[in-house]
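Structure 1 and structure 2 below are two forms of the same protein chain, each written out on its own as structure tokens.
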Structure 1
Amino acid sequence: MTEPLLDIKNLRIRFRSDEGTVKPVNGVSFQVNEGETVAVVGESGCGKSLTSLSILGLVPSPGEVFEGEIRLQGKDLTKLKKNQMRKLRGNEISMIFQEPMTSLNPVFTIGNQMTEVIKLHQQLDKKESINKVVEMLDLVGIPEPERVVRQFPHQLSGGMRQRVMIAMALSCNPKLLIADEPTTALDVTIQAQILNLMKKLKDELNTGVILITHDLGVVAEVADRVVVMYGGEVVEEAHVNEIFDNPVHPYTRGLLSSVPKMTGSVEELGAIQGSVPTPSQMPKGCKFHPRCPIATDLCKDEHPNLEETLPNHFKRCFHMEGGSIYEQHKRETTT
């Protein structure tokens, strides 16, 4: 069996303070293969972005990875020193952040910022670096790249800045690309262009992609597999078609019920009652049980394991066997 590009096993992150210790990421495991897009979805506060930052060794202080493995082609990144991680960032692993204006330096031109990354990792001279920048800007569909290299971030539109971020992230041909809400705040036309661009580049460069998002429409468009997170842990994982056609965790079903459907009839959108618990106030037992429509005393007292219930379909729930209990609950509450 081929070794995965990225293999995260039992990842745990903690923050220690005078008030105590919290674990916003608590036992996360999943894999990413070459040329595969894995979408990590869930509400704000479920641990998606923190998990992605841990891959880059950028967990903000006083946080730390205190348990688990993050292996990139067999190399455990949690064991590397800071200078070793700096060589990996932007080279073997790149990240597209959700707001390019906070990631691009407003006082330097696009060319200056991109050549800095290329010269650091590719050991090219100034002329070769500029040529590489122009090539990458052209690759992501930016018109007149020779002119854009001399411009500042504020002179570009939001979609253009996001394309610059993608070009910068891909300039060193990374093995793994992490995209954290890459289309947030973009209009739907630009969003579609960015998503199509990411799919095209992934296919051409065979790059593994982790897509961090809460937009299930984006997931359906670009993902191969989906990892659903809640309360700092994975609650369901499956192929994207399985997630949409046969979700088996009540949280996943709740997320999907809140997505508008393109049908002729007008349907009331579903909603998940309550809110995501804070890491310092995680409930005992199943993390989702205070908001779950089918929770029992077992859910309140015991913590379910992530189990494979169907081939390559994993869920963290005591009761969901093909959705039968959930469907029974729906019938009882609608009659």
Structure 2
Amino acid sequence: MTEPLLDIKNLRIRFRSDEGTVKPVNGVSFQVNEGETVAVVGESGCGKSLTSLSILGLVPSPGEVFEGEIRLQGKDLTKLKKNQMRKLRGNEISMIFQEPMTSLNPVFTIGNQMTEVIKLHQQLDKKESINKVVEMLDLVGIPEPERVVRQFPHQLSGGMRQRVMIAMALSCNPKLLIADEPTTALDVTIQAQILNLMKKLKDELNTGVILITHDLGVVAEVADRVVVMYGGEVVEEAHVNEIFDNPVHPYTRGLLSSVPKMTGSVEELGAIQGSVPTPSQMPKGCKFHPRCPIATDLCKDEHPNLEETLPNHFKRCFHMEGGSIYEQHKRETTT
């Protein structure tokens, strides 16, 4: 078996403060292969952004990775020196951030901010890098790229800024692209364009992509594999078809049923009960048990492990072998 492009093993991130320690990411493991798109889904606050920031070594202080490995082609990124890490950023690994409105520096032009990264990682002179910027802006569907190069972020709409961020992230042909909610600020047509662009990049350059999103429609369209996170852990991981056709974990099922299906009726829109616990008040046992329709006493006391129950299909749940119990339970409670 070939080595994965990215291999995250038992990643744990903590924030220490006077009020105590919280661990918003607590034992996350998953892999991304070359040319593969892995979607990371889960409700707000489950640790998706922190996990991805840790790959770049950019967990905001006082947060720190205190356990686990992040291997890029075998090399453990958590052990790298600062300047070694810096050489990878923007070059081998690049990231599109969640906040398009504030992720660009307000006092420098788009051209300035984009050429910066190109000049840094590719041996191009000023003129060549500007040409490259124009080319990239054009590629992400920005009209009049020559003009945009000279503009400041505040002169662009949110969608345009997001496209600039995407162009910037793609400009050095990264091996791994992390896209944190890359299309939320965009309208549907642009969204489709961007997703196509990411697909193209993946096919042509064999880029591995981590796609963080709330939009399960996007997941269905572009992801190869899906990692479902809850409370700082992976609760289910499987091929995209498996996730949609045969979701095992009650949380995944909840997520799926809270998506309005194109064909489905409105009744299917039953979101998961209750709200996400904060990292400081994580329940004991299975973290999902207070919201779980099939929780038992076992779930309250014991913490389940992530197990491969079906081939290449992992879940963190004591019950559920292929979902039969869930179905049965649902039938019992509704009648």
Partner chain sequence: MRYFLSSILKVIPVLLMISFIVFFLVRLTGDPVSLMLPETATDQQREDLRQSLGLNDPIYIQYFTYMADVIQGDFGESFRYNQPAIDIVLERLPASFTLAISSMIIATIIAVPAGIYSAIKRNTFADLIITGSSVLGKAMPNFWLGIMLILILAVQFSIFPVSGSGTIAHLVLPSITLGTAIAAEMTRLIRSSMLEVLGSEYIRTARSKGLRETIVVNKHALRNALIPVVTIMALQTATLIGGTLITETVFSWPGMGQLLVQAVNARDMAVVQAATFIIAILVILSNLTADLTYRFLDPRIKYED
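Each residue is numbered by where it sits in the sequence of structure 1, with counting from 1. Predicted model only: the values in this text are computed from it and were never measured. Heads up, when I say rigid core I mean the largest set of C-alphas that superpose within 1.5 Å between the two forms.
Participant: If only one of the two is the form predicted alone, which is it?
Facilitator: The form predicted alone is shown as structure 1.
Participant: Once the core is aligned, please say if the CA of residue 133 is shifted by at least 2 angstroms between structures 1 and 2.
Facilitator: Comparing forms between structures 1 and 2, the residue 133 CA shifts at least 2 Å.
Participant: Superposing on the rigid core, is the CA of residue 217 displaced by 2 Å or more between structures 1 and 2?
Facilitator: No, residue 217 moves less than 2 Å.
Participant: Core superposed first: is there a CA shift of 2 Å or greater at residue 241 between structures 1 and 2?
Facilitator: No, shifts by less than 2 Å.
Participant: Quote the shift of the Cα of residue 110 between structures 1 and 2 to one decimal place in Å, the two forms being superposed on the rigid core.
Facilitator: So the C-alpha of residue 110 has moved 2.6 Å between structures 1 and 2.
Participant: Provide the displacement, in Å, of the CA of residue 159 between structures 1 and 2, taking the core as the superposition reference.
Facilitator: Its C-alpha position differs by 4.1 Å.
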